[in-house]
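Just the one chain here, the form predicted alone, laid out as structure tokens.
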């Protein structure tokens, strides 16, 4: 891969992550702007529907958690397999795999963040904050 395609792929990764953040923020802006205590008790039709979709076990929120986890695991294991097994050494330079690993794990972390609907309490939050620590230390 030459320098142009490498910069293009990095730019594409960045655009996809930013577009995901902006798209999810825009779509759920009314829901995410509500205080956490009021989200469940919204009687307005649109906000009630948003709650049913975006809360962690809602249709969109649940899928964000699933896909975010899949992206993180795919990024983690694909890089690890490429790095450790000789039969995969021919599949491109390791630095490009590292870029792809960072992209998938960052995108997965963003999806997991929106899966939580910005509610960071309880015993499950230990897993989320562990993810944040690992992500920040990786940067």
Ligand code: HEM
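Keep in mind the model is a prediction, meaning the values are calculated, not measured. Numbering follows the first chain given and starts at 1.
Missing here is the form predicted in complex with the ligand; even so, the following discussion is about that form.
- The partner is absent here; in the predicted bound form, the one residue of 131, 10, 24, 17 having a heavy atom within 4.5 Å of the ligand is 131.
- Comparing 28-36, 50-58, 85-93, 98-106 against the ligand in the predicted bound form, the single stretch with non-hydrogen atoms within 4.5 angstroms of it is 98-106.
- For the chain shown alone, residue 70 is not a contact residue for the ligand in the predicted bound form, no non-hydrogen atom being within 4.5 angstroms.
- Taking the partner from elsewhere, residue 80 is found to have a heavy atom lying within 4.5 Å of the ligand in the predicted bound form.
- A residue is said to contact a partner when one of its heavy atoms sits within 4.5 Å of a partner heavy atom; residue 74 fails this definition for the ligand in the predicted bound form, lying far away.
- If you take 111-139 and check each residue for a heavy atom within 4.5 Å of the ligand in the predicted bound form, you get 131, 134, 135, 138, 139, in sequence order.
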